[in-house]
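Just the one chain here, the form predicted alone, laid out as structure tokens.
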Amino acid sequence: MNAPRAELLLTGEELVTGKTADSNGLFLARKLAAMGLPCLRITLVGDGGAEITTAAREALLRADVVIVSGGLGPTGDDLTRPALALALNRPLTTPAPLPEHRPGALPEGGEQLHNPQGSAAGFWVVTETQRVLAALPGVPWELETMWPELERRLRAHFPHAVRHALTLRTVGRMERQLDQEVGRVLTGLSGVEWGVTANPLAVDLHLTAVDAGTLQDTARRLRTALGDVVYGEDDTPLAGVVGRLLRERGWMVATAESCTGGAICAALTAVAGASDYVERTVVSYSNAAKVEALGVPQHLVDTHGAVSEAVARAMAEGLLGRSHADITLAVTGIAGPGGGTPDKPVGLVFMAVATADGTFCRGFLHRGDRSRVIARSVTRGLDLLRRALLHGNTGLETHFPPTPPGQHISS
């Protein structure tokens, strides 16, 4: 049986006018993909009742599952509930409210969905043709806490159609490289579908299969073939993997950040329990800060410039000596859009990791605008820490993967 098809309908004037960036669609699409339930279309509409009705009717003609996000508030001017009832050709009814929820109308035959974080309940409706329409509030943290109940209902409603899914998270391979490697491993294998999603310097490999055993066997083959290019599965963040390795060693980490402005440490501390292994960060943005806070010799800055291997090494070593950390990471570069020269273009970043065993440093040329240079630097820095913890500084020459021409500056 083919997997059911899903569509998302996101409502709100703030979305169609560009005042607010959508996050609910991203969250829901990812969760549906994790079930192996493909999301075929995401539609944005305003708050008008006619527009919502038309969009919902069209979606129900195409998809087996339509999830609506937005509206559902208790005020009388919210048009989402009556608009969806009209799309279903059903009258509105007012059921007994769930505990801690205001009464909210819903299409006849529908069931309320509990909202643990808010006062407006969602609802779930199964049509005469067994299609599903589910409505959730637009507030992201409310919608996200309601997802587990919706997932349980979807799996129960489509017990033989929803596939098993798994995502292998990789770093150190470009999308084309990974695609070729995976293709070689999966040649001749059947029963598994796969695709990739590229992130800054990282690629997520999505696997789906009807049979859970086939899925796990395929994942094992890929982990063996790709080695430590695979850093985690599903929602595992790279910073969380670094944290786990630090905790296993009983080590503390400190970062010295110039062009990233503390973003690497922010990624590490976004993980719960980071106080167990994050010692400090020094945002040494100016040359004076590099000299005064980290002990970088002034003559290195004068001779080589702040963006150089010599200064990156000195930053990492200086922080190692001035902190209580067991491992330090330093980054210095030119994020742009200005400040570049022919010898040191925008995107040039040097990174160094220091431990008691020594210091490893490498330079990179990260392409893209300022935000992308910073994002790539964060990924690269976290991966450098991960590999140093796995293989030691002395093993980084062989275990830190090469990068495509134009992105690596030989150290």
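Note that the structure is a prediction, hence the values are computed from the model and not measured. Position 1 is the first residue in the sequence shown; the rest follow in order.
There is another form of this protein, the form predicted in complex with a further copy of the same chain, and it is not shown here; the text below is about that form.
Choose from 318 to 326, 221 to 229, 111 to 119, 179 to 187 the stretch whose residues reach within 4.5 Å of a further copy of the same chain in the predicted bound form, heavy atoms counted. So the stretch in question is 318 to 326.
Is there a heavy atom of residue 281 lying 4.5 Å or less from a heavy atom of a further copy of the same chain in the predicted bound form? Yes - in the predicted bound form, heavy atoms of residue 281 and a further copy of the same chain come within 4.5 Å of each other.
Evaluate residue 212 for contact with a further copy of the same chain in the predicted bound form, applying a 4.5 angstroms cut-off between non-hydrogen atoms, and reply yes or no. Because no heavy atom of residue 212 falls inside 4.5 Å of a further copy of the same chain in the predicted bound form, the answer is no.
Report whether the minimum heavy atom distance between residue 390 and a further copy of the same chain in the predicted bound form is within 4.5 Å. No.
If we define contact as a non-hydrogen atom of the residue within 4.5 angstroms of the partner, is residue 261 a contact of a further copy of the same chain in the predicted bound form? Judged by the heavy-atom cut-off of 4.5 Å, residue 261 is in contact with a further copy of the same chain in the predicted bound form.
Does every residue of 251, 375 and 386 put a non-hydrogen atom within 4.5 angstroms of a further copy of the same chain in the predicted bound form? Zero of three within 4.5 Å in the predicted bound form.
For 17 to 53: residues with a non-hydrogen atom within 4.5 angstroms of a further copy of the same chain in the predicted bound form? The stretch 17 to 53, when checked against a further copy of the same chain in the predicted bound form, contributes 17, 18, 19, 20, 21, 26, 29, 30, 33, 39, 40, 41, 42, 43, 44, 45, 46, 51 at the 4.5 Å heavy-atom cut-off.
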